[in-house]
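First, one chain by itself in structure tokens, the form predicted on its own.
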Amino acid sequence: MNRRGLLTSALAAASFSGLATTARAECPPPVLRGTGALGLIVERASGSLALVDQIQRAALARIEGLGDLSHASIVYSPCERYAFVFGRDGGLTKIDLLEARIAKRVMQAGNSIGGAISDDGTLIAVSNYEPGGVKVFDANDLNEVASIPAIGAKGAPSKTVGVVDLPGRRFIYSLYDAGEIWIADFGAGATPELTKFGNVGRLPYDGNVTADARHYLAGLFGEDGFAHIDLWAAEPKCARVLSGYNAGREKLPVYKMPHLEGWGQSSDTLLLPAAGQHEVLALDLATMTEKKRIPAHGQPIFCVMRPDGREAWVNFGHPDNDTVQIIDIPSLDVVHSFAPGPAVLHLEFTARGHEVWISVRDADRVDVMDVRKREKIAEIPVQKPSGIFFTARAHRLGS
């Protein structure tokens, strides 16, 4: 049998019901394949990952032993072979995609919430709730490079959130309790140069940077609006944008915090989930002013832009989390709604946007949809799926 036949047979034999399970001590025989079509899906209830192939629309292996993945996120090395998983329990895990196994795992804190990889792929930064601060690790061996305590201007320790990468071996992140934003610059070596911005606002809960690495925005849970830094400015400063979008209206209960790392950017338009309203906020990046408030099915969680920028697909928090809506960018109107099933937690487009994969947690499956026809074309059984992360993220800032 030729090499293609061997690969096809191996994939056909790996239905997810009889999926190979791998952990640290086990390593299946490597299969010759590229990494561009691979991805990982978080199985949050079991502390495992499903390794998937986009072209085959199939799960290849299950990787277990990753601890608490209730708020897990993943970044990739520039070569796309390795993934770095940030668990809620403080675990940082390096995954070898080609061998479908844990390459190394360290418990670096007591409670973590996300991380980032430097633009050159050499450093991994983790933002921590407990004990707070940011820790930075060597991407090769996960040895600690630096520990940066988050002590605000008033002297109190702080949780850190919204850490993303910037060009030049830099990371930017928010201090939740202190209401500050810091930049850690590792351009000169292992001792970072810190730049600190105050007057951010109350309780920044998440943050992200635009695709051109110009605008960093942090959502503010303690007040209406967002903190903004223009990183291209000669002297960057922190300012508020979209302030008071709840003014004169009742703020609804927030059962799940919106995620800014899933915002949608199309040219100079940025779509942001409103906290406490059934709305998507459209921000004009050229003027940093509000373009429109788009009424939505529920409280948005992720506003995920199609790669060509023409549409954004939006999911919602409990109790309206069975629905996805599609926003047309030229009109900034909702043009289509559908209900994949109970507890839609995440969406991920393929690199060129011909398909979108949707995790339907309470149905234990991932739906694969044809984006143009808006039709489901495949289902993949996955245990309580949440985040979907394709290797194309290896080549994007802030993902």
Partner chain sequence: MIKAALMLTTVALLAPACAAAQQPRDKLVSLVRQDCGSCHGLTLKGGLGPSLLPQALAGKDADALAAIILNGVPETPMPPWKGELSPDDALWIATRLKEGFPR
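Numbering follows the first chain given and starts at 1. Keep in mind that what you see is a predicted model, and the values were worked out from it rather than measured.
The same protein also exists as the form predicted together with the partner chain; that form is not shown, yet it is the one meant from here on.
Participant: Between the options Thr323, Asn111, Asn140, Ser243, which residue brings a heavy atom to within 4.5 Å of the partner chain in the predicted complex?
Facilitator: After the contact test, the surviving option is Asn111.
Participant: Can you pick out, from Arg293, His278, Arg202, Arg310, the residue that has a heavy atom within 4.5 Å of the partner chain in the predicted complex?
Facilitator: None of the other options qualify; the answer is Arg202.
Participant: How about Arg62: is it within 4.5 Å of the partner chain in the predicted complex, going by heavy atoms?
Facilitator: So Arg62 does not count as contacting the partner chain.
Participant: With the partner left out of view, is Lys154 within 4.5 angstroms of the partner chain in the predicted complex by any non-hydrogen atom?
Facilitator: Flag for Lys154 set to no.
Participant: Please check if Met288 has a heavy atom lying within 4.5 Å of any heavy atom of the partner chain in the predicted complex.
Facilitator: It does not: once the partner chain is placed as it appears in the predicted complex, Met288 has no heavy atom within 4.5 Å of it.
Participant: With the partner left out here, check for me: in the predicted complex, does some heavy atom of Asp68 sit within 4.5 Å of the partner chain?
Facilitator: Heavy-atom contact with the partner chain at 4.5 Å: present for Asp68.
Participant: Checking a candidate spot here: are Trp263, His297 and Phe338 all in contact with the partner chain in the predicted complex (at least one heavy atom each within 4.5 Å)?
Facilitator: Looking in the predicted complex, the three residues Trp263, His297 and Phe338 all stay beyond 4.5 Å of the partner chain (heavy atoms).
Participant: Sort through 269-277, 229-237, 246-254, 208-216 and report the only stretch with a non-hydrogen atom within 4.5 Å of the partner chain in the predicted complex.
Facilitator: Heavy-atom contact with the partner occurs in 246-254.
Participant: Pull the contact list for 145-170: residues with a heavy atom within 4.5 Å of the partner chain in the predicted complex, in sequence order.
Facilitator: If the 4.5 Å heavy-atom criterion is applied to the partner chain in the predicted complex, 145-170 yields only Lys159.
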